[in-house]
Structures are given as structure tokens and as C-alpha cells.
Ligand SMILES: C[S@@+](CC[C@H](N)C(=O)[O-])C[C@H]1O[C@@H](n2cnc3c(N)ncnc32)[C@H](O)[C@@H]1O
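Only one chain comes next, encoded as C-alpha cells, the form predicted alone.
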């Protein structure tokens, strides 16, 4: 019931999310909105449970396990046939601040300091603290490849040409994003059975007028980790937050394990980059 309540907080408040959290001065909320919306949400949850109990009864007793962990660090002790995720996109959406109302009500963080700690531990966004990026810049053994270095150089050149940008350390933020995702993908690739699949739904980005094909780079990182690029499917067309006329895409990246991923990592083999 607390989860149901958290899901209606924005709808029955003076806030909006489009896509970032903010106030909506012109928004009108009826006095009975919390009661009405909560009742409707509980009814929807009950209907979902009824559907599971009637049409999917044979699956109800399937063993399940929920693990709360950082996927950049956690290495599953078992192997899977299928892993599906939609990781954070490399853009200006600060997921922690955007969902801080729900995070607070559900008890995941109680102070701004706890929110900061949660954000610093996540796959990086461009609203991460400068201290995190400074520490990352001095780290040894960071993941990189020629494609990432080329994009970083282009972003740095564009920022210098502009003379001002919201984050001058954006090249390092981009680097840390792919370093974070490499850690996630490395752990996942070692936990997929031969013949299993790793599916990522991800969007590309435009940063400082530099196009970043995040989906293609992550697909190639998967290949470097010994996975086969099985399919790239465009799910939808998006618009850049910087240049609204610039068309971006959301892609479903399907990677397949063919029994080589563990060997690649153990032998230090790498795919060839352009």
C-alpha cells in the first residue's frame, strides 16, 4: 500500500515530471485527489494480482529472488538464460533528484546527503558531483577504447570553442559513463549461459554538439567481452534536449553468449575497435 501511495504522489501534488521534477504553478489538484487516485491504484494492483492468479497460475510458485546490490560490483553466483535491463541514458536526467519524493516516502534516503551518496554510487549522470569526476580522472586502470577517446576529444574541442558549457568536465563524465557500464556488462557477461541473451534498451545522445552513439558503443563493448551482437532494433525516435530538431533514437541491443565470454576475460582478449 505504501508503494501504491508513492506512485500517486506527483499526480496529487503541485509537482510535475516532464521529464524532470519541478513545480507546476497552474496545476489544479482536487481536494479528494489523494483518496480517489489511491483507491484507483489499489484497484489496479488487485486486478493485476487477479490476472496472475487466473491466467498465469502455473507460474505463481516459480522461485524468485530479489537482490539489492550495485551491479557494477555484484557478481551473480549463478548463470542466467536471459538478462534484460534499461540502464540510465547518458543525458541530463538526474534520476535520484527526479524521484526524490518517492525515494523519501519509500525510505531509501532521508536526507540530501543520503541522496547524494545514492547518486554517487550509480551509473553516472551529468549532475554528478565534481568530486566524483575528479577522483575518477586520477584513477588507474580505467576502461577506454579509441571510440570513446575520439568522442572525448571532440567534446573538449567544442567546449573550448564555445568558451562556456554547463560542465567543463563533460569529457570525463562521458568517459566515466562508459567505464561504469563496462563494469556492469563485464559482471553480466560472466553470468550468462552459452546461448543466453543480454538485452539492453538504451538511447544515444548529443553532448556539446557531439553525437554519442551509446547503443553502438555498448554493443561493441559487449562484443569485446565475448558476446555476439545478435540484433540492433530501433524502438522509437527521440528529440535532443539541446537541439529539438535533432533526431535521436532508442535502441534495443540484443547480445548473445556463445560460451566465449568467460574465456575472453580470462585470456585478456579484446575485440578490434575502428
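Residue numbers count along the first chain shown, from 1. Remember, it's a predicted structure, so these values are computed and weren't measured experimentally.
Below, we turn to the form predicted together with this ligand, even though it does not appear here.
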Applying a 4.5 Å heavy atom distance criterion, does residue 159 contact this ligand in the predicted complex? no
Residue-level contact is defined here as any heavy atom of the residue lying within 4.5 Å of this ligand in the predicted complex; does residue 115 satisfy this criterion? no
Contact flag, residue 86 vs this ligand in the predicted complex, heavy atom cut 4.5 Å: yes
Taking heavy atoms only, is residue 97 within 4.5 angstroms of this ligand in the predicted complex? no
Heavy atoms, 4.5 Å, this ligand in the predicted complex: which of 67 to 75, 170 to 178, 138 to 146, 104 to 112 makes the cut? Say which one. 67 to 75
Counting non-hydrogen atoms within 4.5 angstroms of this ligand in the predicted complex, say which of 122, 199, 132, 183 makes the cut. 122
